[in-house]
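Form predicted alone, single chain, as structure tokens, below.
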Amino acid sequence: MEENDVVTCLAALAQPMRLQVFRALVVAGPDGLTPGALVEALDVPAATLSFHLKELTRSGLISQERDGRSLIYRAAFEQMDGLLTYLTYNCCEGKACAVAQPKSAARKPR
């Protein structure tokens, strides 16, 4: 995955409603969901949902397929995997790493 693609994906997910839509589609799995099902599940106006679906589709994180008169949206798991692989690999230049907790954040024994 190229850096520009990573930025586009992260920008698409950096909005609460789009993140909720993406999560709903991940949970739905390969069957996907129709816009009507998403409107109902997320309690969002159809016009608002349409805008967010367009942004997620543009990023490649979701796909759209026509099934008769219905549109089916699905999470693009390969794109998601590519994003996670990029972030994981480039986090510490491919080396195992862990971020140390500051001493003030450490739990105190009871």
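In case it trips you up, residue 1 is the first one in the sequence shown, and so on. The model shown is predicted, which means the values in this text are computed figures rather than measured ones.
Below, we turn to the form predicted together with the DNA, even though it does not appear here.
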Residue contact check: Val27 to the DNA in the predicted complex, 4.5 Å heavy atom
no
Verify the contact flag for Phe77: yes if a non-hydrogen atom of it lies within 4.5 Å of a non-hydrogen atom of the DNA in the predicted complex, no if not.
no
Would you please decide whether Leu84 lies within 4.5 angstroms of the DNA in the predicted complex, comparing each non-hydrogen atom pair?
no
Mark Ser63 yes when one of its heavy atoms lies within 4.5 Å of a heavy atom of the DNA in the predicted complex, and no otherwise.
no
Those residues of 69 to 84 which, in the predicted complex, come within 4.5 Å of the DNA by heavy atom:
Arg69, Ser70, Leu71, Tyr73
